[in-house]
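Below sits a lone chain in structure tokens, taken as the form predicted on its own.
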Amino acid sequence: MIPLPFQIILTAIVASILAGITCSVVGVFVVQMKLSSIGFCMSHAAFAGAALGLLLSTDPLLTALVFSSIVALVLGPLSERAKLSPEIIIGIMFSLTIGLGFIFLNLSPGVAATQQALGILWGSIFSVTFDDLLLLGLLTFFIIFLLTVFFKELQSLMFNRKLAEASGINTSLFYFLILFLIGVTVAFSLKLVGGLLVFALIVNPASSALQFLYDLRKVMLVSPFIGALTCLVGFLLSLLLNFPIGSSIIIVSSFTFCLSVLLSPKRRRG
């Protein structure tokens, strides 16, 4: 293990904790509302946007945010109003975005084989700056704030969308908001685990918490704890074994989910 400056280590640890919390909170919506295919599509949209940022020599985070936000805004109305199956639309968007991502990387002069491009694919947490950390912290605060203020509406939407709409809740507004938050969270987490792996960090902690808990409030509390812990353990594992950080985090996260399934009281009752 190569010795690293304390400031870089501290920044990486804080980034891991914040990304783990943010992804895990959003992951509860993804898992409960069965939005996995939509979220997976947006994770690759963020990857394509970051690749475009490299091609245009602009901030990859900004272009990742733009791409993922556009896909979120497009998928929402299309999935509700189009006569085609949502799965068909999602499949087309997924293929389009990942294809564009690799084309953008290929067109970037002298970039496709560099560490910067690999960071988009697999993550490069040591490239996280203080500004990135500040933005990630603000995103974490914003998501927790929205969850606190609109918990009843979001809970109703996750439980039964038709009943929520019948009770007077603007379900389309909150549905689009959730899609937007998924896209933004994915874009901000690219530097941690990369565009090809980030969605696992969203799904795994929430799925692990749901193996033991029924109450949504408890899931919302336990899922971020699992997410932050798996990020920290994965980060330390990568330092000890010199593995890619993003891959290490996802391996730990996936192992945690497998272990939760084996120990789940829900599974034993089934």
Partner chain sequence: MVKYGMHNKMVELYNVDTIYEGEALPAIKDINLEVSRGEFVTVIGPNGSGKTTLLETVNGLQKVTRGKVIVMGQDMSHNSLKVRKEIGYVPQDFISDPSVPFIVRDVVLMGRYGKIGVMRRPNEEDIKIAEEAMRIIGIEEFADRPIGKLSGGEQQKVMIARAIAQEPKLLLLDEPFSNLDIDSKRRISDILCRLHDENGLTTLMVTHDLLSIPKRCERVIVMSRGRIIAEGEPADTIRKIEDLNVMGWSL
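Positions refer to the first chain, counted from 1. Predicted, not measured: the structure shown is a model, and the values here were computed from it.
As for the form predicted together with its partner chain, it is not shown, yet the points below apply to it.
- Between its partner chain and the residues M93, L177, L105, A164, the one pair within 4.5 Å by heavy atoms in the predicted bound form involves A164.
- Between its partner chain and the residues L210, V222, L52, A228, the one pair within 4.5 Å by heavy atoms in the predicted bound form involves L210.
- The partner is not drawn, yet in the predicted bound form one stretch among 131 to 139, 182 to 190, 96 to 104, 169 to 177 has residues with heavy atoms inside 4.5 Å of its partner chain: 169 to 177.
- Contact here is defined as any heavy atom lying within 4.5 Å of its partner chain in the predicted bound form, and by that definition not a single one of D59, V66 and S127 is a contact residue.
- V149 belongs to the set of residues with a heavy atom inside 4.5 Å of its partner chain in the predicted bound form.
- A residue is said to contact a partner when one of its heavy atoms sits within 4.5 Å of a partner heavy atom; L216 meets this definition for its partner chain in the predicted bound form.
- Among heavy atoms of A200, none comes within 4.5 Å of its partner chain in the predicted bound form.
- S36 falls outside the set of residues with a heavy atom inside 4.5 Å of its partner chain in the predicted bound form.
- The partner is not shown here, but in the predicted bound form the stretch 141 to 162 reaches within 4.5 angstroms of its partner chain through a heavy atom at T148, V149, F150, K152, E153, Q155, S156, M158, F159, N160, K162.
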